[in-house]
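Have a look below at one chain only, the form predicted on its own, in C-alpha cells format.
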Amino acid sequence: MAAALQHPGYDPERLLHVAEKMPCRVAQAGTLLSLMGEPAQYSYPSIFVYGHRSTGKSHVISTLLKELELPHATVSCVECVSVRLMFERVLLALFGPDTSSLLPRSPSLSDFVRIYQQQCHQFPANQTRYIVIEKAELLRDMDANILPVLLRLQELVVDNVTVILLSEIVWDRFRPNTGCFEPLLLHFPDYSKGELQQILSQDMHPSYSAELYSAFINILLGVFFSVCRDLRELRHLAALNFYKFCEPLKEGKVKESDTHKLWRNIEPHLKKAMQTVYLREVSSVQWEALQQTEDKESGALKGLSAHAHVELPYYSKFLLIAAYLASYNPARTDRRFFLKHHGKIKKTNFLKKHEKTSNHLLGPKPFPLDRLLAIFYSVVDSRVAPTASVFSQISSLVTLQLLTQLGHDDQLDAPKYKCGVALDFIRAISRTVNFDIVKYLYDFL
C-alpha cells in the first residue's frame, strides 16, 4: 500500500493516485510539494535536487508536474548543446510555439530575460511555472553567468517561476567560485534493499505468480546488491536472467515452491552476468537467444559468456590482447615472443628455480604504457601510427573496466595498467580477430 501524500493545496484523491506511481519516494515527494507550496503561491526561486543515478529524481518531479497539471518546461543539458536550444525549449513549453522564433540567432541571457518578460505580460501566470534542468552539472561547462541567472530567474523576470536543478553531484562541488544565490537543497538517498525488492517485484511476469517473481528478485538482489544498486541496471539484469530462472519450471523438473533447486540452476548464470554489470553488451532478447544457443551448442561455445560478446573496435581488441599478454607474461619473455629472428629459445632457459607457480594463479601484473604499445604494434596485423585514436581507445577500455589504471592522474611517471579480464574472455576476443593467444602465453609453453 502506498504511503499517504498530503498537501492542502491539492485534491487528496489525486495525491493518492500520484503516490501510487512513485513507490518508496513519497517522503521526498512530500518534501518537494511543501517547498513548491500551493499552485497560486510564490515558490522559492530555485531548488537543487541531488542524488546518485537512478534514485527517482526525474521520475518524482515529472510525475508531480504532469499529474498535478502544473505548467513546466523540462530541459536536459545533454540534449541542449547550446544555450539557444535551452532557451527555445523553455519558451516553447511555457508560452507556445511562436515565442521561440523571437529569439535572435545567437541569443544572450538578456535576450532571453527580455522575451520572457514580454510573454509574462501577455500571458500572466495564475500559478507557479517550473523549469526543470536535468543533468545540471553540465551547466558548469557553459558560460559562467548561466547558472547564477537561472538560480535567481524569478527576480530577473518578475514572474512566479521556480527553477529545479537535478544533479548527481553535491552542491558544494557545484557552487561557482564567484558565489551565487543559494538554492534550497533536497537529497534523494539510494534505495535500500527492501525498497528495491518492493519496486522490482512490481515487474512480475504475467505467466508466473507474484510470489515466484518476488523470490527471483530476492535471489537477484542477494547476488548483485553489494556491487550494484542502480535500479535501471537491476531491472535490466532481472529481465536478462528470469528466462533461465524459469527454465526448470517449463521442463517440469521442479515446482515453484522449490526455490533451492531454482537457485542452484540460476547461480552459474548470475555469476556470468556479474561480469557484465553496467556494460550492457546485449539486450534481453539477444541474451535469451544466446542462452538457447549455448544450450544447443555447448561444445562449440564452451566458455563464451555474454561478456565474451562485447562489441569492441578492431584495434581495441588488439589493445586488450596486448594488455593481457603484458599482465601474464614476464617482461623478459617479450623478446622471445615478439622479436623476429630471436632464435629458438626453450622455456627451461627462462625458468628460474623460484618460478614454479603459474602466472595465471598469481593474477595479473601491472605494466607500463610503453610496454603495452610495444606489444600492440607487434601483434597487430597492419601498421598503425601512434595517433590519439589509439590512446583514446585505451581510455575507453579503462572506462569499461576491462583495463585498470594504477596510480593517480597527476603522477609524473608514465601510467601503469593491469588487465582485468579472464582467460576465457580474451580467448573469445582473440578468435574474432583470428589471433591464437595461447601461443603467446608463457604459462602454456
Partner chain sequence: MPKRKSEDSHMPMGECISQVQTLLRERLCHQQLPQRPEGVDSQHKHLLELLKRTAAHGESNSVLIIGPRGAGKTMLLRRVLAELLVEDDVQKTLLQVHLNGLLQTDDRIALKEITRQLSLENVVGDKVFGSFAENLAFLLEALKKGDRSSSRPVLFILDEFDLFAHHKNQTLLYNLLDVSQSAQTPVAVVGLTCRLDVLELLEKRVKSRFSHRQIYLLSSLTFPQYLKAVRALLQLPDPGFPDATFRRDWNHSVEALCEDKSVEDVLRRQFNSTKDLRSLHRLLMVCLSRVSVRNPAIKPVDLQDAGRLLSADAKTNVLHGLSILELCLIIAMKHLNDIYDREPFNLQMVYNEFKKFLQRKSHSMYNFDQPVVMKAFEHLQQLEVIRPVDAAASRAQREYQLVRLMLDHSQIMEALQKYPQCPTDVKQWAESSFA
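Numbering follows the first chain given and starts at 1. By rigid core we mean the largest C-alpha set that fits within 1.5 Å across both forms. Just so it is clear, the structure is predicted and the values come from calculations on it, not from any experiment.
Another form exists, predicted together with its partner chain; not displayed. Remarks below refer to it.
- Every residue of the trio Ser108, Glu182 and Tyr328 has some heavy atom no more than 4.5 Å from its partner chain in the predicted complex.
- Proximity of Thr74 to its partner chain in the predicted complex: non-hydrogen atoms within 4.5 Å are absent; the residue sits far from the partner.
- Interface membership of Phe123, defined by any non-hydrogen atom within 4.5 Å of its partner chain in the predicted complex, is ruled out.
- Using a 4.5 angstroms limit between non-hydrogen atoms, Arg84 is distant from its partner chain in the predicted complex.
- Proximity of Glu38 to its partner chain in the predicted complex falls within the 4.5 Å heavy atom cutoff.
- Site annotation in the predicted complex: the residue of Arg371, Arg235, His205, His187 reaching within 4.5 Å of its partner chain with a heavy atom is His187.
- Proximity to its partner chain in the predicted complex, taken as a non-hydrogen atom within 4.5 angstroms, holds for one residue of Ala422, Val433, Leu16, Cys24, which is Ala422.
- The candidate stretches are 207-215, 238-246, 221-229, 76-84, and the one lying within 4.5 Å of its partner chain in the predicted complex by heavy atoms is 221-229.
- Along 18-56, these residues reach a heavy atom to within 4.5 Å of its partner chain in the predicted complex: Ser34, Leu35, Met36, Gly37, Glu38, Gln41, Tyr42, Ser43, Tyr44, Pro45, Tyr50, His52, Arg53.
- Relative to the superposed core, Ile426 shifts its CA atom by 2 Å or more between the shown form and the other one.
- Leu320: CA moves 2 Å or more between the shown form and the other one after rigid-core fitting.
- With the core held fixed, Ser58 shows a CA shift below 2 Å between the shown form and the other one.
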